[in-house]
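Here you get one chain, nothing else, as structure tokens; it is the form predicted on its own.
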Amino acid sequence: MTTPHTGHYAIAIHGGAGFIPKDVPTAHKKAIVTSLERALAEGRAMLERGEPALDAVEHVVALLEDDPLFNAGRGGVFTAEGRNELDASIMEGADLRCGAVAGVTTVRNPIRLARKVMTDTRHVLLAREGAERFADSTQLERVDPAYFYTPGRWADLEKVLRERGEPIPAKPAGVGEHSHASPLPSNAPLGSPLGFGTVGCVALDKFGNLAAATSTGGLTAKRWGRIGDSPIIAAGTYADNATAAVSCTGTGEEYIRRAVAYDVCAQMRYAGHSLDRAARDQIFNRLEPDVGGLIAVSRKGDIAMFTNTGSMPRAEATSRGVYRVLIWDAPEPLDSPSAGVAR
């Protein structure tokens, strides 16, 4: 293996910007922290072993896609027609290679299909039926669409459609066969009924390479094949070894209009701003309040994690001893043996 560039690494994860109240039941909070801590521990272990940042961000996001707590993969929100249409993107900073998919319905882990777009085609973004046909040529795991169903997300859909005065569609066929036990003591959904809960991961590996990945189910009751920022390179995801890796979460249209992920890197490259300053400017100056958040890691291993909503489940770890999970501002307690470092 090539000699490490610096020997340092850093990783950050988000579980979506939204409005989780601070008096959320302890069991709900514990479920969020446990899930993020597991993903953080596995991602950090990969980087510690010297594995590439690209592999780490793909693995972490796939873990979160499998977790029904989040609006990605198995916990994705429903369209107005009662479908799960999933988006994801991934990018590596060394050569700006990237891949994305939008509106997929049968791929268990959309982030893995996004990486296949990056590595196995000359394209960047494949959507809907075309992405599904491309998936047919891969060995990736496929699932019945009912696999993605969760009771809480369906309740979100019913609520929004009732408020709109629109008919509620029939539940997906096969829900009884594919439904999953909730990790929570009730089926109450977490976060905003608009569908916040997008997941993302950014990482710097020991060889100085950066990578970013983002995955989402989009907005509850979305229509007309709506696609947000998560599969749009430069809007929801960006990575460049010269500056930083960024993953965004929130109201996707606002991130697309402002090319938020890219602009963090552009401010660093062209204006010489620090990661902290560039990331803060996006969230607190360029975006309206209650729109969303982002996570980012710089080529030096600095981490930024900001939101202008009430909360953003997030986690970070570095080779220099940082290791913590947050939902609001103060670090949440970590009971795992892997958390045996200062935080």
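Throughout, we count residues from 1 along the sequence that is shown. All values reported here derive from a predicted model rather than from experimental measurement.
Below, we turn to the form predicted together with aspartic acid (ASP), even though it does not appear here.
- Looking at residue 75, you'd find every heavy atom of it more than 4.5 angstroms from aspartic acid (ASP) in the predicted bound form.
- Although the partner is absent from this view, residue 237 stays clear of aspartic acid (ASP) in the predicted bound form, with no non-hydrogen atom inside 4.5 angstroms.
- In the predicted bound form, aspartic acid (ASP) lies farther than 4.5 Å from every heavy atom of residue 205.
- Of the heavy atoms in residue 142, none are within 4.5 Å of aspartic acid (ASP) in the predicted bound form.
- With the partner left out here, aspartic acid (ASP) still marks one of 251 to 259, 96 to 104, 238 to 246, 267 to 275 in the predicted bound form; by a 4.5 Å heavy atom cut-off that stretch is 251 to 259.
- Proximity of 198, 226 and 230 to aspartic acid (ASP) in the predicted bound form is complete: all three residues have a non-hydrogen atom within 4.5 angstroms.
- Of the residues given (219, 157, 118, 126), 219 alone sits with a heavy atom within 4.5 Å of aspartic acid (ASP) in the predicted bound form.
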